[in-house]
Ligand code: PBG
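This document starts with one chain, in the form predicted on its own, laid out as structure tokens.
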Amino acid sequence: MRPISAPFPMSRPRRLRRSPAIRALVRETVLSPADLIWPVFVCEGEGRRESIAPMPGVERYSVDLMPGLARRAADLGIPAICLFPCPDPALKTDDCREAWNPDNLSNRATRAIRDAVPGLAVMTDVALDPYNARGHDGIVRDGEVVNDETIEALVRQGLEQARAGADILGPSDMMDGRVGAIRRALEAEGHGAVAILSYAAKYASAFYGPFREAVGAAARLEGDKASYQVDPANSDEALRLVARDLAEGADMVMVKPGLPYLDICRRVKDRFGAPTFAYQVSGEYAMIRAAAQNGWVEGDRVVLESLIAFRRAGCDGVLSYFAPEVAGMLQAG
């Protein structure tokens, strides 16, 4: 479609920018609390809140505090919380068996939210890095992250999360074939209603550092994750991975990180039309927060502008640590 425009002065585009009311009438992209998923870190203990040094304003919360967070999310109009556990370091092993413990942090937190606010969607992370003695998303054998053995572990983990009441499973590991294996296992056990939001295009990014500290994996990570996460130079590969995950039974797909990969978000949405999400990751959060705290940018405006960018690029929703404060701003008008 080619736009038709009269010559100046018959056409004056500024007419549609002259007041807040007129700008609102012609605004092309809208951000609402319903577009947000709130990532929440879970820790052991009772009545416990732990600050995360590289993520000012973000904390880890013990399971008993989950109902309060869930009620806050619901009151703000946020439809979903995504849980990320930071277990006791003594539970991190080479076989990652704590990942499928029915009473691990993630599963206890899921049940606590389910009981307190049944209408709030709970998303869980299907990956082994919080439980891995070597900090990787998969099981390590002879220095290599092994694909097929990891899938077996991920299936066990995903099934326990579904049994605990998770609404959405988020496989973030980037092993080949894991979406199909998880989907088949869910169907076989009667969890066909559980959705999969696949981290289909997860890049081997330098923006994840604060997150790894938040889940206690930073100091343990051996090497890097380039053998299973996507090369930041590639975009066609991301489309192939999205196509594969949708064919294997993913209901929604994720691009991660967010702002450095808006071109990928746009290509994914245009090509597949599937529900497309992005993760505004910990490094993105930390940069915006640090700049705002130093007075270098107007924090609230930059946060809102960054989230509008995701929506403009075609994302149906965004995982963002800013979710509760943004939802509060949007409610306040």
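No experiment lies behind these values; they were computed from the predicted model shown. Don't overthink the numbering: it's just position in the shown sequence, from 1.
Keep in mind the form predicted in complex with this ligand is missing from the figure; the text below concerns it.
Can you pick the one in R183, R108, K256, R134 that has a heavy atom within 4.5 Å of this ligand in the model of the complex?
-> Exactly one residue meets the criterion: K256.
Heavy atoms within 4.5 Å of this ligand in the model of the complex: which of the stretches 93-101, 150-158, 258-266, 120-128 has them?
-> Flagged stretch: 120-128.
Does the 4.5 Å heavy atom contact test between F310 and this ligand in the model of the complex come out positive?
-> Flag for F310 set to no.
Is there any non-hydrogen atom of R72 lying within 4.5 Å of this ligand in the model of the complex?
-> Although this ligand is absent here, R72 would stay clear of it in the model of the complex, with no heavy atoms inside 4.5 Å.
Partner proximity in the model of the complex: K202 to this ligand, non-hydrogen atom cutoff 4.5 Å = K202: contacts this ligand in the model of the complex.
Is there a non-hydrogen atom of V63 within 4.5 angstroms of a non-hydrogen atom of this ligand in the model of the complex?
-> No.
Let me know which residues along 222-242 have a heavy atom within 4.5 Å of this ligand in the model of the complex, or say none if there are none.
-> K225, Q229 sit within 4.5 Å of the partner.
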